[in-house]
Structure formats: C-alpha cells, structure tokens
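In the block that follows, a single chain appears as structure tokens, in the form predicted alone.
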Amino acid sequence: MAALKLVGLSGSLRRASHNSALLRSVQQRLAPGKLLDTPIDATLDILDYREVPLYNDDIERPASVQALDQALRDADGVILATPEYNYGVPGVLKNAIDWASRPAYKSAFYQKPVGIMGASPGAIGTARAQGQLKQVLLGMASQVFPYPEFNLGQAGQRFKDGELTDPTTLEFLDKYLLEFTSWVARVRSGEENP
C-alpha cells in the first residue's frame, strides 16, 4: 500500500501554540521507525493558512484558499488540532473549514477521514470545541474518526520548550495514531463504507 498522506490544521496561529506543537509531535511520531508494530506508512504535512481571508462568498476564491482546498483534497486524511476559545472552536479554524466546505457535498471535506485532537491549559481540555467540530464535520459529510477523544488538558505541564514530553500522553498519542492511520487506510481502500 502507498504511504498515507495526512494533513493537519492547528486551530491556533500563535507561535507557541500547544496545538501546533501537538501536530509537530504527530509528525515526529509518524516518522519511520517511531510507530512500532504497524505496516502503515504515513506522513503529516501541517498546513499554514494564515493568508486565508475571512470567508465571503461574494469574493472569488483567492490563491491562499485554493492552495488550502487542494492540499485537503490531495490528502488521504486530515487531523484537526483545536484549542478551545470561549467554550468553542477558534474562529480561524472555523473560517478555514468554511472556505474548504464549498461547494456543498463536493467539498474537500466530503467523505474525508478526519481525526480531531486538542490541547488546552484548562483542566477539561478541548472537549466542547471537539464536540462542535464533530457536528460541523458531520454536516459536511466528513468521516469523523470514531475513537476516544485525544483531549489534552493541563497542556502546560505536558510540553517543554514546545515539545510534548509527557510519557503517558506520548503513549496515548501513539495508540491514537496507530488506530487513526489504520482506519484511514481502511476507509481509503473502501473496506469501511461511509
């Protein structure tokens, strides 16, 4: 089987974002030889969407939106890493998703396997934001990864100098990625129907 091409979107544009750091950890864990006992070969490209403007259906899709849309379409699967702002999904992430949700039921997210994770300094992590994302993704007919949430609370204690260092969290991340990549491979091969 060809290598799976995954893309990731961080819901935070902050330089020191825990969610961007979480996606970098995913990249590292997917590196050859890191995920043990798996025949799945996968890579993750973290998409930079800072140049995507606020959604406005009156304007022609700018190059930044076209590039985001094409990267999502070309991917076998997507990982969204979201913080939680005011009990919800950050505006920048929702905005990128809104651009990529067009045209309806033919969008880059249509039938796309999507995993959701999140990190937050708060005690309950990003549970509410993840719940909102699931609802949005289901509305676009995406395939949402049916696995226990990767919901990292008290993130400040689990990262050091921008790297995920907590052994228990890394172990769960490995399990999540093993299941996610195996699931994406099954979905893409048609073994799991939407």
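Note that the structure is predicted; figures quoted are calculated from it, not measured. A residue's number is simply how far along the shown sequence it sits, counting from 1.
Below, we refer to the form predicted in complex with another copy of the chain, which is not included among the displayed structures.
- Here is the short version: of 143, 151, 169, 132, the single residue with a heavy atom within 4.5 Å of another copy of the chain in the predicted complex is 132.
- Contact check for residue 13: a heavy atom falls within 4.5 Å of another copy of the chain in the predicted complex.
- Remark: residue 160 does not count among the residues lining another copy of the chain in the predicted complex, judged by a heavy atom distance of 4.5 Å or less.
- Interface residue remark: residue 62 is not counted as part of the site for another copy of the chain in the predicted complex, having no heavy atom within 4.5 Å.
- The closest non-hydrogen atom of residue 111 lies beyond 4.5 Å of another copy of the chain in the predicted complex.
- Heavy atoms within 4.5 Å of another copy of the chain in the predicted complex are found in exactly one of 52-60, 22-30, 152-160, 65-73, that being 52-60.
- Contacts between stretch 87-124 and another copy of the chain, counted in the predicted complex as any heavy atom lying within 4.5 Å, involve 87, 88, 89, 90, 91, 92, 94, 95, 97, 98, 101, 102, 105, listed in sequence order.
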